[in-house]
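Considered here are two forms of the same protein chain, supplied as structure tokens in two stand-alone entries, structure 1 and structure 2.
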Structure 1
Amino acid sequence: MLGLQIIVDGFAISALYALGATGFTLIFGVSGVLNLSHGAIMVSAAVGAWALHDLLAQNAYIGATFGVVLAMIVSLVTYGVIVRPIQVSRSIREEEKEIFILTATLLWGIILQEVIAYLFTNNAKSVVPIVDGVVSVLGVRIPANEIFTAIICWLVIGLLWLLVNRTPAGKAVLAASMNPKGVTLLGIELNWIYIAVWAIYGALAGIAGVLLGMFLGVSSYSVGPLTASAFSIVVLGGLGSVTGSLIAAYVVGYIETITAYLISPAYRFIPSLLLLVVVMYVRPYGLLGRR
């Protein structure tokens, strides 16, 4: 029974990690930005969903939708106010821009974290689940919400795949990640592609945040660990590789779950971080990254 429990729990948590990391890697792949305010955007979504439900006592769907929309707004603000000004700045040298963006998004994440803590305290909040109750499979009680989380995550990842590979807009995004100059020569405004990608990223991080809020609950303290986990999954999978991130999300999710069940929940994060260090030595470009 323990085996089944590990399989189910590991699958749900990994699906959440995969969704969170997909957005993170998408932004890196298209615009070369490592967004260290990722965790803050996820937490904004969850706390937004919680707060709206709390204020208006609306149904769960309205709260969840509001959380996702909020994350998209925060994501676009992150791009417009934090990232874009550095990218177009003439006073920062080109080769230093990456580190400036890294620092600025990190600080932006901390600002968001503090604002959330001041407005809503640092106590954890849980988003009201869309589906309630438990499902019994072979004697193991699984919260229906956990299954719902995994399904939604994979549905959204599937939709993203369709969008990128099967629509003209998606193909433009893909092209921008390969050759930005070529895209502009084709008459496509690069800036609009970036705005679209940040909006998509906001939606992905928002959905992941709201689902996490329903599944485990989040607090302003979650900001750092969520950014760190997305960052390590993306590095493990290979920067910019969506498939690599998906595989890495499952590797990390299952290693964590197995550690939590078989050793101790206190050591949950240690083995996957050790693995990351090993990968850094052996394959610094990640599992599926390009050299």
Structure 2
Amino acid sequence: MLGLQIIVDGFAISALYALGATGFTLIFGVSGVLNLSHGAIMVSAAVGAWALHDLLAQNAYIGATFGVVLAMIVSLVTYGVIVRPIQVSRSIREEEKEIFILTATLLWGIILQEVIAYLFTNNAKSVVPIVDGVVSVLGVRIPANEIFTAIICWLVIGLLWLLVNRTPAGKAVLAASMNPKGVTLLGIELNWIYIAVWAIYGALAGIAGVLLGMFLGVSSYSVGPLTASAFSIVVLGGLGSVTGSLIAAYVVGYIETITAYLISPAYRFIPSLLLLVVVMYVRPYGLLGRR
């Protein structure tokens, strides 16, 4: 029974991680940015959904929609106010811009974390589930919300794949990730592509954050562990590899779930961080990354 519970819970949390990591990988592949405020954007979405439902008495659908829109806004602010000014700055040398962006997004994430804590305290917030009830599988009672979470995550990932691979706009995004200068020569404004990608990333992080709030609940303390898990996933999978990130999401998700059940939920994030250290020494380019 415990084994089946771990399989189901692990699949749901891994699907959430896969969705979040896909967005994380998308903005790195297109704009070359490792966004260390990722966890803060996810938590902002969950807390926004919770606030609209619990404090303003709106229904679950409106709360969830608001959470996703809020994440998109925060994501665009992150790009426009934090990342873009560094990218175009002439006072910072090109080889130093990456570390400046890493530091700036990290500090921005801490600011968002403290704002959330100030406005809503550090107590965990649970977003009201859209789907209620339980499902019995081989004698194990599983919340229907877990199944709903996994389905929505993979449905969104599938829609993203169709967008990128089957639409002109998506092909422009792919071209920008491969040859930005070539895209510019075709008359496509790169800045608009970056804005679109950051908006898509915000939507993905927002959906993942709201679903995580329904599944496990979040607090301002979740910001750091969520960012660490996303970073572990994209490094383990290989920077820029969406397929690698999807595989790594399930590796990390199941490791964390097993740790939570067999040891303690308080230590669920530690094994994935240890795995990150091992990967950086043994295979620094990740599972499917390029040398």
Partner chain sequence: MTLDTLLGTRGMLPRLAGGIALCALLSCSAQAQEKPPIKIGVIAEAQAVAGSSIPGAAQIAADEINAAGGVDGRKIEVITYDNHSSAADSVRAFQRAVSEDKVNAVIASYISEVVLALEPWAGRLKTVLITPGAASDVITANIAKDYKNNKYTFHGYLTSTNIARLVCQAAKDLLVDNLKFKTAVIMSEDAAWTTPLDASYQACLPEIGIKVLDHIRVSPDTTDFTPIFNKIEGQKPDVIITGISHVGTQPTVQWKNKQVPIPMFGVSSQATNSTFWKDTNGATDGVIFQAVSGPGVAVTPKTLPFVEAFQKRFGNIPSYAGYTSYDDVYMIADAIKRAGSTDSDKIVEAMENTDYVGTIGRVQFLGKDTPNPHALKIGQGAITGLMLQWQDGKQLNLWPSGEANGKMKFPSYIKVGSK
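Whichever C-alpha set is largest while still superposing within 1.5 Å between the two forms counts as the rigid core. Not measured: the values here are computed from a predicted model. All residue numbers here follow the sequence of structure 1, with the first residue given the number 1.
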| item | value |
| --- | --- |
| Either 1 or 2, the form predicted on its own | 2 |
| Did I258 shift 2 Å or more between the two structures, C-alpha, core superposed | yes |
| Distance moved by the L276 C-alpha between the two structures (core-aligned, Å) | 2.6 |
| Once the two forms are fitted on their core, CA shift of Y267 between the two structures in Å | 4.4 |
